[in-house]
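In the form predicted on its own, a lone chain appears below as C-alpha cells.
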Amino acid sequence: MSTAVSPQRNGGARDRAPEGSWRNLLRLHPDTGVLLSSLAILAVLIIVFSFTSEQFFSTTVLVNILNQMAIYIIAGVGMTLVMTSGGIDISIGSIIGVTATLMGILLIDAGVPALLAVLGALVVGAICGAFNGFLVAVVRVPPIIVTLGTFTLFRGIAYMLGEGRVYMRFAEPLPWLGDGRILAVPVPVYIALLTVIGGQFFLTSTRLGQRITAVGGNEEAARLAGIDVVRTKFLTYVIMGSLAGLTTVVIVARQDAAQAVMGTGIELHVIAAVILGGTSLFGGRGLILGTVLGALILGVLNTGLLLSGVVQFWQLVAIGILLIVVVALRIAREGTEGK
C-alpha cells in the first residue's frame, strides 16, 4: 500500500515544484531577490552604455572601473558591518584624512619604513573607530549624532596635524600598492577582493559576525539571548575604522601623496554603494556581495555617463535618482511582503 502511495506523492511534489521553485528559493534565501535585483541593474547599465559609447565595453575600461571602485568596496565592507548592526558612520572620510596625514608625517618627517606606516594607518583608523564605538555603545549617543560630530572633529585634527602640507614622493613599495599590477590586474583590486572574502566569512561564519546581525535585527532580543550588545557594537566600529585605515593606504599609494583633505565626500559614495547593494537601512541584514554590486553600479554609471559626454553634475543627479528609486522600491517590496 505504501509503495503505491509514495510514487503518487513524489509525482505530485514534482508537479508542484516548478510552480513554486522561485518562491521557495526566495523563502529559504531571502537575500537572493535583493542580490538579483542589484545584478539586474548592473547588467542593464552595462548593456545601455555599451550602445551609447563604443569605448565602454572594453577590457581596459572594465578593469579601470574595478580599480576605481576598489576603495569604495574596501570601505563598503566596514560600512556594511556597521549598518548591519543598526548603526551608520558618516565620519569615514574624515578618518581617512587623519590617517593620510599621519602616514605622510611618518613617511616623510619620521622616515619610517613603508610597512610601519601602513600598520600605523590601520592602528590610527582603529583608534578613531574605537572613539566612535565608545560613544555609540557605552555612552549610547545615536550613531548619526556621534559620527556627524566626529566627521568635523577628525577633519579638524587632520588639518591641525598637516598644517596645510602635502606629503609626496614616497619610497617603494608603497606606490606599488596603488599602481602595481599582477597579471594585468591592479593591486588595489586584489586588496578589495581579499577584503570582501574576509568580510563575507566574518559576517556569516564567525560568532561576532552573527552577533552583529542579531544586534541589528533586534537589540533587546539579542541582549536577552546573552549577547554582549555593548561589546558587539564597539568592535563593529573598531573594524570600520581599521578598514578606513586600509582604504587610506590604497588612496595614498595610488596618488603617491598624502594630505588632510583626502577622503572628502567618500562617505556618500560608500553609503550609497551599501544601500544599493541591499543592506537594510534598519539593521539586521548585511550583504557584503551586494555592496560589491552596489559599488560596481556606481562605477559603471559614472564611467558610462562620462564616456557618453554627460557632465559631472548630471552624473550626481543620476546617482541620486537611482538611489531614491531603488530604496523606495525595496522598502515598498518589504512592506508588501510583511502584510
Partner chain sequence: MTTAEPDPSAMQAVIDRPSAKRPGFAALWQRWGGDHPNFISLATTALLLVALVIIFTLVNERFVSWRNITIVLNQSASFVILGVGMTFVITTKGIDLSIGAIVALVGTLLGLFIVTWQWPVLPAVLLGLLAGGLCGAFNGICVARFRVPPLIVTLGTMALFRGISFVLLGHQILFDFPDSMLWLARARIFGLSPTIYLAILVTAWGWFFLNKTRTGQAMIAVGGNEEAARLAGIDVARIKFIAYTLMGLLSALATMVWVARMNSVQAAMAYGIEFHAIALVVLGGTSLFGGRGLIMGSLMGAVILGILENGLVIVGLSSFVQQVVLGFIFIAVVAFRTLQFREGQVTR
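Positions refer to the first chain, counted from 1. All figures in this text were calculated on a predicted structure; none of them were measured in a lab.
One more form of this protein exists, namely the form predicted together with the partner chain; it is left out here, but the text below deals with it.
Proximity to the partner chain in the model of the complex, defined as a heavy atom within 4.5 Å, holds among Gln259, Gln200, Thr150, Ser242 only for Thr150.
When the partner chain is considered in the model of the complex, only one residue from Val185, Leu116, Leu268, Val229 comes within 4.5 Å through any heavy atom, namely Leu268. Contact check for Val123, Leu194 and Leu287: none of the three has a heavy atom within 4.5 Å of the partner chain in the model of the complex.
Within this chain, Arg169 is remote from the site of the partner chain in the model of the complex, having no heavy atom within 4.5 Å. Remark: Arg155 counts among the residues lining the partner chain in the model of the complex, judged by a heavy atom distance of 4.5 Å or less. Using a 4.5 Å cutoff between non-hydrogen atoms, Phe234 does not count as a contact of the partner chain in the model of the complex. Although the partner is absent from this view, Leu135 contacts the partner chain in the model of the complex, with a non-hydrogen atom inside 4.5 angstroms.
Shown alone, this chain has one stretch from 136-144, 251-259, 103-111, 173-181 that lies within 4.5 Å of the partner chain in the model of the complex by heavy atoms: 136-144. Residues in 49-63 all lack a heavy atom within 4.5 Å of the partner chain in the model of the complex.
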